[in-house]
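Just one chain is shown here, as structure tokens, and it is the form predicted on its own.
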Amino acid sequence: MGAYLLRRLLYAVLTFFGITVATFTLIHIVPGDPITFYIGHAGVTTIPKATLDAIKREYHLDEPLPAQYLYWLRGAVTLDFGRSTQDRRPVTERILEKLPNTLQLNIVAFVLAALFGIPIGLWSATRSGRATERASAVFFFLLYSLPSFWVALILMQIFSVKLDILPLFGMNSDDFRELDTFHFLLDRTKHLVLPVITLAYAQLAIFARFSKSALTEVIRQDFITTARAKGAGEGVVLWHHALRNALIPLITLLGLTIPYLISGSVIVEQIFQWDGAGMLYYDAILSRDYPTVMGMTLITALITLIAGLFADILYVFADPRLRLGESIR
């Protein structure tokens, strides 16, 4: 088991370096740079050469690309990502300011998707071949196929524009500072509804389809037939034998859900003007804010890799072969 976890940790470290190198290279290949954005944003046509040289030295833009990456990596080890080229604030401070809002959005969406999707999938697996199971399969396939930006616009049109029962965008109402704790939480909940639905609907469909497929495959195994032949009740067969053996693919899915939600929140936050890390990431890319882009990339990669490592740890408890030291690749 120790060798298995050590191998997974090594894979995570190598993956992390691969992600940062690829992102650092791509963001510098894209046309434009922070200086060009600064000149355009400031509305000036010329800038003194001494000022340009100072900016380049500060952000190491006068160095070769490999040297720039090493400068960034040296600071990243201590979570010092430098200063943003947009407002000169420390990147770490900007990320920590926005990250809780994104985590709030993603955690609620993840919990709701898993809480409803997995039981629905397990329920569908117990009704294989029936009309309700086939109808649910078609419904979740269609649900997964809907683009998130289109769903967001439809939700906004129905619930915000026509029915006027939910806020159109933002995290709080204009007068939220005057609200007491209860009404503040109620106001925040109303603002959460539409972006959470937009983030969670496709993942709910994936949870339902995946859990159904995993359980259906296990139900067809010989040991399930043997358990039934020994007189075990249907509930015991499903929840004790079948579900326990269907956990490994479900754990894999739970680990893969985190990066999906994080990447999806970039679009959702932009549409609903949710002041989170996704919107910060989007704005940093448009303005060629290299320090912020790389800081966000590192945080996103770490969250994704931690989720993967957590799934690997859960494998140890779900699969007895790993506890016995067998090699599973």
Partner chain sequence: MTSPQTWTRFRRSKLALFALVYVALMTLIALLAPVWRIDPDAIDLSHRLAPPDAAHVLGTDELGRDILARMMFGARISLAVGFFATLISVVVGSFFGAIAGYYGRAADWIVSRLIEVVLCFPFLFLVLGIVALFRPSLMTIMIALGLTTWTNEARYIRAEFLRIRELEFAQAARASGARDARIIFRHLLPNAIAPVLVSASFGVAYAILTESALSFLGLGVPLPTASWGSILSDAKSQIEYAWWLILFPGLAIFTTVAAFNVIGERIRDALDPRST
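The term rigid core refers to the maximal set of C-alpha atoms that superpose within 1.5 Å between the two forms. Residue numbers count along the first chain shown, from 1. These numbers come from a predicted model, not from an experiment.
Absent from the display: the form predicted in complex with its partner chain. The rest refers to it.
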Answer range among 154 to 162, 81 to 89, 107 to 115, 192 to 200 for contact with its partner chain, defined in the predicted complex as heavy atoms within 4.5 Å: 154 to 162
Partner contact for Thr300 in the predicted complex: its partner chain, 4.5 angstroms, heavy atom: yes
Heavy atom of Phe182 within 4.5 Å of its partner chain in the predicted complex: no
Any non-hydrogen atom of Trp274 within 4.5 angstroms of its partner chain in the predicted complex: no
Its partner chain contact at Tyr11 in the predicted complex, heavy atom, 4.5 Å: yes
Thr15, Tyr144 and Arg288 all contacting its partner chain in the predicted complex, non-hydrogen atom within 4.5 Å: yes
Listed residue that, although its partner chain is not shown, lies within 4.5 Å of it in the predicted complex (heavy atoms), from Pro249, Gly170, Pro259, Pro119: Pro259
Contact residue in the predicted complex, from Ser136, Asn101, Asn245, Thr216 (heavy atom within 4.5 Å of its partner chain): Thr216
Partner contacts in the predicted complex for 196 to 210 (non-hydrogen atom within 4.5 angstroms of its partner chain): Arg209
C-alpha of Ile19 off by 2 Å or more between this form and the one not shown on rigid core: yes
